[in-house]
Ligand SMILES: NC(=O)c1ccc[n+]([C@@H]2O[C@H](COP(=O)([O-])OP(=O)(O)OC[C@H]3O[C@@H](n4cnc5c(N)ncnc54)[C@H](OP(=O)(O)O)[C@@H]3O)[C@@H](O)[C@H]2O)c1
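Just the one chain here, the form predicted alone, laid out as structure tokens.
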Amino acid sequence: MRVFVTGATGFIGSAVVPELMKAGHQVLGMARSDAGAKFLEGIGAKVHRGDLEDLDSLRKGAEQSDGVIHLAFNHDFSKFEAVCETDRRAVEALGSGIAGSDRPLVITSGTGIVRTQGRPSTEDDAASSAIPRVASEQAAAALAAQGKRVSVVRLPQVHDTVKQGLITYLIAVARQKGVSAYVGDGLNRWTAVHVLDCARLYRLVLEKGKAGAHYHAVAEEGVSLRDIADVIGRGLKLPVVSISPEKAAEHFGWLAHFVAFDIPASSALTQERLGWRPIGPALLSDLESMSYFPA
């Protein structure tokens, strides 16, 4: 299969592209820059120049391919609503590129947009319409209603020993403030998956995913923010402190919107339906193994 991958040079994309190629697929990777194009060429992928706001380039990339994996996202969380609407338009453009065919389109969302009380969310739970990131899932649902083969991968904190999703920003705040912090008792939980397990799931969803289905890339259902802060504190040799909810915005800035969420999630249905089994290192293990003071 010839697969168009947006975000092909990003943290997750740079793991997804080799995973696809190893399985025998050809990759057409979107690149915004000369450096990105050079990277893709160096690993044997074809290059398609474009970006998230160039809707024509997205349509053309999809038209040239047998399937699409949409990973690109603008991670400027200071204007979160605007970037989520940009992603809605990108999904719509990719959908127009696969019109009139049974070609699969796999789009990306997050486990954090599903809110359940007292239990981990599942793949069959609906996303909250109050959270801006739902825009991507709404666009996917509209395409599925038109008969297009669209499925959704919901991501947790995707990690290795270099990056860890929102936790990367937690580490940056700890460096800046001189303390590693959590909110309240810190018992709220985030889900996690190793980047290589995540890449394998994207391939499986591309190959086997059902139209309109949601899949959870979750290896760990919930890791407490206090445990995360403890490991960061040891790594940076900083004290670990609790921040009151009233002081969270002052301490964490834009990250305060996310850092108090309790958002456990399950991948039991994903594992049952696709035969996916996460095997990578755990989140805290990667945090303990990373280099906090690179040369």
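Please read all numbers here as calculations on a predicted model, not as lab measurements. Just count from 1 along the sequence shown to find any residue number.
The next section is about a form of this same protein that is not shown, the form predicted together with the ligand.
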**Request:** Would you please decide whether residue 71 lies within 4.5 angstroms of the ligand in the model of the complex, comparing each non-hydrogen atom pair?
**Result:** yes
**Request:** Tell me, yes or no, whether residue 276 is in contact with the ligand in the model of the complex, where a contact means a heavy atom of each within 4.5 Å.
**Result:** no
**Message:** I'd like to check something about residue 156: if you look in the model of the complex, is any of its heavy atoms closer than or equal to 4.5 Å to a heavy atom of the ligand?
**Reply:** yes
**Item:** Distance check, residue 248 to the ligand in the model of the complex, heavy atom within 4.5 Å
**Value:** no
**Asked** Which of these residues, 51, 66, 41, 262, gets a heavy atom within 4.5 Å of the ligand in the model of the complex?
**Response** 51
**Prompt:** Considering 257, 46, 60, 32, which brings a non-hydrogen atom within 4.5 Å of the ligand in the model of the complex?
**Reply:** 32
**Fill in**
Per contact check vs the ligand in the model of the complex (non-hydrogen atom within 4.5 angstroms), the hit among 90-98, 211-219, 170-178, 106-114 is 106-114
**Prompt:** Taking the ligand in the model of the complex, which residues along 1-32 bring a heavy atom to within 4.5 Å of it?
**Reply:** 7, 8, 9, 10, 11, 12, 13, 30, 32
